[in-house]
Each structure stands twice: as structure tokens, then as C-alpha cells.
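Take a look at this single chain in C-alpha cells; it is the form predicted alone.
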Amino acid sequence: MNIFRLAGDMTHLMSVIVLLLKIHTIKSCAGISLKTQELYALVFATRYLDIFTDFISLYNTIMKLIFLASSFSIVWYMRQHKIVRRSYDKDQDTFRHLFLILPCLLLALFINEKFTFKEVMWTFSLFLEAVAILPQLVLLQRTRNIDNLTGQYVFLLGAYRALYILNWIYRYFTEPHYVHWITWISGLVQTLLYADFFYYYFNSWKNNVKLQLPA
């Protein structure tokens, strides 16, 4: 554990809290992509297969449980809650997210550190997380009307991965033999996908204007 990883974990946790705050307080999921939330639920479900078999630390287990529970609860709210689901814009959230799953799975079957079920699923979760934000970014470009909580949620998700890159750089220079190319490349791709959003987010913050993405 180092300051960059802790900051990344807390930023990731804050993104979940912001999204749940939006859903619980104003009973709305407007501007949120259900496709992205379903992909994240699949990411955590396949990444944390070891939650009840391999104990690392209490902190690690608690964080896994939080992300698993929150991701599936968000999907449930958007699909089943009688009030929240009314605000979901199905007509705009049309990204074919299922076409992201198969390529990521095939890539994980051929590119992994060890050909075991858990390792392949863990690698699959890395590849899928790298592109899971795409439906959300496409939805924001289509609607262009981004409320503050949605903008903060997406920003925190991107910041979490950027902080993890700093964590990897720190560990590379402080830990012997610390090399994880699959994790690094996936994280870099994921961060680059946020680059355009970051640009417009900081511009809106600097100029004190409402966040809008170009169509």
C-alpha cells in the first residue's frame, strides 16, 4: 500500500458514493449509462472470484465487497426501481456493449500471465474495465446535458485509474521485479479514453460554465 494506491481506492469509492447519492437522493439515473453499469458489475464479478478463498487483508476484502454490492445494486435500481428506472434514457443509451465482452474474453484467453480459470477471468476483467466507460461517454456526447453529479462521477472514475498509474510507476521504482504489462497497458488505454472528457471537464470548471461535450 502507498499513497497513490490509497488515493486511487478512495477516489474510486467516492465515484460510487456520488452515483449512489444521485440515485438515492433525487431518485434519478438521468445521464447514467446502464450498459456501462452492467459492464462494471461483470468486471467486479469476474475479478473478485477469490474473495472467499484467498484472504489478503481486511481492507482488501471490504473494498471488494463494497464494489460488488454497489455495482449490482446500481444495476438493480436502474432496471427495477419503480421511480429511478423512469429517468433512464434507453433511447440514447444504445451502445452495443455486448460486443465489447467477447473480444475482451478472447483476448484474455490468449494473453494472460497463467492459463487458469481465475487468472483468465482476472485478465478479462482488466480488459473489460479498460473499455467499460465507452457507453457512458457516448451517452454523454449524445445528451450533452450533463448534471454536476454525473460529471463528478465520470471524472472520479477517470481520476481513480490515473492515480493507479502513478501507483504502478511508484512500485516499479521501489519494488524489485515489479512488472505487470497486462495491467499497465489496460490501465493506460482506460485512462486515455477519458482524455477528451478531462479536457472539457477542466475547461468547464475553469470558466465556471456547465459541462458539455461536443456531439
Partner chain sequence: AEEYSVKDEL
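Numbering follows the first chain given and starts at 1. Everything quoted here is computed from the prediction, not taken from an experiment.
This next part talks about the form predicted together with the partner chain, which is not shown.
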112-120, 134-142, 70-78, 87-95: which one contacts the partner chain in the model of the complex at 4.5 Å, heavy atom to heavy atom?
112-120
Counting only heavy atoms and a 4.5 Å cut-off, does the partner chain in the model of the complex sit next to every one of D9, I56 and Y164?
yes
Of A30, I26, I185, M63, the only residue with a heavy atom within 4.5 Å of the partner chain in the model of the complex is M63
Even though the partner chain is not shown here, does R47 get within 4.5 Å of it in the model of the complex, heavy atoms only?
yes
Consider Y178 of the chain shown here, and say whether it contacts the partner chain in the model of the complex, taking contact as heavy atoms within 4.5 Å.
yes
Interface membership of Y170, the partner chain in the model of the complex, 4.5 Å heavy atom rule
no
